[in-house]
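What follows is a single chain, given as structure tokens, in the form predicted on its own.
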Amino acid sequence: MANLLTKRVVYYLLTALIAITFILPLAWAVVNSIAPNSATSQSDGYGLGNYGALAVYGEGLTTYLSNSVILTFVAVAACLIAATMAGYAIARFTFAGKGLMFVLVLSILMVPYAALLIPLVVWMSELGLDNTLVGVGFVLALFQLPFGTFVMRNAFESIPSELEEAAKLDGCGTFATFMRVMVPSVKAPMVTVGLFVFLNAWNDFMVPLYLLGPQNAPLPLAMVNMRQQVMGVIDYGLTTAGVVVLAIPAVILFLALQKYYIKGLISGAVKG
């Protein structure tokens, strides 16, 4: 009994320590975003002056946010469509080289991020898609596609084949069976993939840095220029206000969908 109590105390202490480690930087950013800042209108006491300066910075906060929304929406939609169809094909169809294809898809997960970026920059330029939000959204979707295909393939394999056979006996073709029976059965894994792609695309910095100009910059890229240095001093008030605005949509979406995210992640991990 004493050993069990000791284990629980250690477990809760470690959990609390990990939670504080992750929450503390965000809390620090929130406090500094409303702290006095001589470089903005928030020069006396705590308030929202840094956010007011952020709203009119550069091209304007709404421009940077709308660029982030468009880029992230394209990435999530493209990755979800491609990963769902690829996962279904690998899980349900029989064709030559299926196993090798799946191994190749998974092997991309092992390739360093930067190793794929340079060839993609060249190809995007040749296709005329560089410096476009839609083109960069496709690139971000491509980076997340191996993980999405892996989760969706495992999700489709967990569905009993009798369900698919019953739909075909009722007259459904392959595409109708896929859309009406199979896709509704894997909503939780789709939410997992969508949320994973959203978090990575929303916060991504390197791909927009290489492929987008200042007029199409999303918020993470615009934040680099917010570090207005005067005599070597960084404007932490304006920068942390940008960090808080960037974090709010991701935190709200994750809290709203966390039960589907965990459920889908577990269903994808059971099979393998």
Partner chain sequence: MAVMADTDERQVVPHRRSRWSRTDTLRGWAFLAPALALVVFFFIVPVGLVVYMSATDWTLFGGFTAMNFPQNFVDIASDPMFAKSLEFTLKYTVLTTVILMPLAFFLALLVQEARQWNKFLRTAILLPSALGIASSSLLFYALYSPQVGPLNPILDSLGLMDAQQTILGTADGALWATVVLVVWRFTGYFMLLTLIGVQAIPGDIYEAANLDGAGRLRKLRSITLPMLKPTIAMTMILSVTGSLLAFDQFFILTKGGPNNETLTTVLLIYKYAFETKKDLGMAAALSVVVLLALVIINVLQLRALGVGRSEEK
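The shown structure was predicted, so the numbers you read here are calculated from the model rather than taken from an experiment. Residue numbers count along the first chain shown, from 1. Definition used throughout: the rigid core is the maximal C-alpha set that superposes within 1.5 Å between two forms.
The same protein has a further form, the form predicted in complex with the partner chain, not shown here; the description that follows concerns it.
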property: In the model of the complex, Tyr46 touching the partner chain (heavy atom, 4.5 Å); result: no
property: Partner proximity in the model of the complex: Val181 to the partner chain, non-hydrogen atom cutoff 4.5 Å; result: no
property: The partner chain contact in the model of the complex: Thr240, any heavy atom under 4.5 Å; result: yes
property: Proximity of Val139 to the partner chain in the model of the complex, heavy atoms at 4.5 Å; result: yes
property: Val31, Phe73 and Ala188 all contacting the partner chain in the model of the complex, non-hydrogen atom within 4.5 Å; result: no
property: Candidate from Pro160, Pro112, Gly171, Gly128 lying within 4.5 Å of the partner chain in the model of the complex - any heavy atom; result: Pro112
property: Interface residues of 196 to 211 toward the partner chain, as seen in the model of the complex [heavy atoms, 4.5 Å]; result: Leu199, Asn203, Phe205, Met206, Leu209, Tyr210
property: Is_shifted Leu142 between this form and the one not shown (CA, 2 Å cut-off, rigid core); result: no
property: Core-aligned CA displacement of Ala89 at least 2 Å between this form and the one not shown; result: no
property: Rigid core superposed: Pro119 CA moves 2 Å or more between this form and the one not shown; result: yes
